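Okay, here we've got a single chain as structure tokens, the form predicted on its own, with questions on binding and movement later.
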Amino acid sequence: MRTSWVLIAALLAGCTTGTGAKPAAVADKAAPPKVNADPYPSTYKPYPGVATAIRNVTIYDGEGGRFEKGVVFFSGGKIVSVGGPETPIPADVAVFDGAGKWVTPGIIDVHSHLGDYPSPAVAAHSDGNEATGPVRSEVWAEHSVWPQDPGFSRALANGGITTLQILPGSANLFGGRSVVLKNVYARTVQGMKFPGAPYGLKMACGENPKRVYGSRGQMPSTRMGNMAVNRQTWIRAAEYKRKIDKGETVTRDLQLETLAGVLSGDILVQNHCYRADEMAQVIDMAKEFGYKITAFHHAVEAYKIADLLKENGICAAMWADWWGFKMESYDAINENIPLVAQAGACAIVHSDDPNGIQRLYQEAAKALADGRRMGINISDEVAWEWLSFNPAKALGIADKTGSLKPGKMADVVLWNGNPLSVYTRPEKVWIDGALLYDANDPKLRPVSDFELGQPGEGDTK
């Protein structure tokens, strides 16, 4: 976050000698103290890997490209080359022949609560919703993440998930900061944090905030109340940012710091919202206060405003066919994802679920089939963008991962068949070029410390 801070000069005036001559250091103006914009920095270090080539496979490169009998070669944790059978393979590297198999970029889930709502799901581990006020932008999801959640390894082994965004829950209008993680086990959450990934701000509109706080007899209890509290909060945030930008003295406010980061463009808005009319109002609110919405999550009515999403460069993260569990999720159609994609907007498949995250590729397949039944013909390799490249864009990390392009992180999945088939499973998963899961080698099945010695240790469920 771009900030500058000024201490109260009077605090330093007491340091003068009383001789009439001020020390040079305080003669004119107190030096502004630096605020650490990254106080919990990533300590992630890739697991060791070896130079590897996979050949004779069908490749979806994540950006709409497809190669038959293709070759993927990665080394030093990065993709080196991708292409057809003529692609050269250096001598003395590990080579896997994948005849009849597929290779794709690792899947990225933009909406997960693993670690904050871990499995086992008991009250002692339920740390996803700071439901004590409609504005809780001061909380950070990473401070609730339990790195030993066995759900991480299930997402890797069953789902080919290599990166995921952990969000606070949706009880609040402003739920707090999200964090992007590499799907590896580490002793600390800092050891999982995706290097250089920007923070996100979880916002929610609709039924959840008005239900949670309306039931307590406080504002907001209506959708107009939601908007009013939102706007009042953005007014405070804009004034806070204005003071900082002018170098005026302010008292640090963690709540407003996050919102000022959004207004500066450093923190990306991830907005839980179902109805088309509400999404349109939130877009107008963003324009009123000068911030950008990066993605609407759970956007079951995105198909009604796909043109608006495209026009404003906003992604829609959606389920294939999960709807009807409350009124605002009622007017869904199974063709939602392909309709948004057909309109040229950024379509994403997300989970919001510890089991759904293990089947995102099947969710994409369902949506693709529904689209084709109504005449929307999107190729398999283009549809894979919903699972890797588009979510990478929504997280601000598309220059690092999300597709098999030279120079990007070697986050790679070898599937034992067509990954858009219900019969297919991940066979091997590499993260930053390190082989972290191999279905044929029980020793390469990640197990968290919590699981050691427990019934079902390391099984794939």
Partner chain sequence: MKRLLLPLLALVSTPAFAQTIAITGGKVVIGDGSAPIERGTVVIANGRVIAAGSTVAIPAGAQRIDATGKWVTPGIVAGFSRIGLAGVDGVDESNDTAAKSSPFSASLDIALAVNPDVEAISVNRAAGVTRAVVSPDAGNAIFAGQGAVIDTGADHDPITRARAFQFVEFGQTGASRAGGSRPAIFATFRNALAEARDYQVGRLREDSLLKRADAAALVPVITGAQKLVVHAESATDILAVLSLKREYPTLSLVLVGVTEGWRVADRIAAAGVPVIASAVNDLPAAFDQIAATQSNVGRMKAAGVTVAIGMIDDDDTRQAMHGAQYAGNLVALTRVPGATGLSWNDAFAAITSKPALAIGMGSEIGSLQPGRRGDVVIWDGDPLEVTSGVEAVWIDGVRQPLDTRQTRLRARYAHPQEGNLPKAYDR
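Nothing here was measured: the structure is a model prediction, and the numbers come from that model. Positions refer to the first chain, counted from 1.
Below, we turn to the form predicted together with the partner chain, even though it does not appear here.
Remark: L420 counts among the residues lining the partner chain in the predicted bound form, judged by a heavy atom distance of 4.5 Å or less. The closest non-hydrogen atom of Q270 lies beyond 4.5 Å of the partner chain in the predicted bound form.
At least one heavy atom of P354 is located within 4.5 Å of the partner chain in the predicted bound form. Put simply, S264 is far from the partner chain in the predicted bound form: not one heavy atom of it is within 4.5 Å. Per the 4.5 Å heavy atom criterion, the partner chain in the predicted bound form is contacted by stretch 330-338, the sole one of 330-338, 234-242, 162-170, 90-98.
Comment: the partner chain is not present in this chain, but in the predicted bound form one of V80, V229, A365, V184 has a heavy atom within 4.5 Å of it, namely A365. When you look in the predicted bound form, the only residue of D321, E248, E311, D253 with a non-hydrogen atom within 4.5 Å of the partner chain is D321. Three-residue candidate spot D38, R66 and H297; no residue lies within 4.5 angstroms of the partner chain in the predicted bound form by any non-hydrogen atom. With contact defined as any non-hydrogen atom lying within 4.5 angstroms of the partner chain in the predicted bound form, the stretch 194-218 contains no contacting residue.
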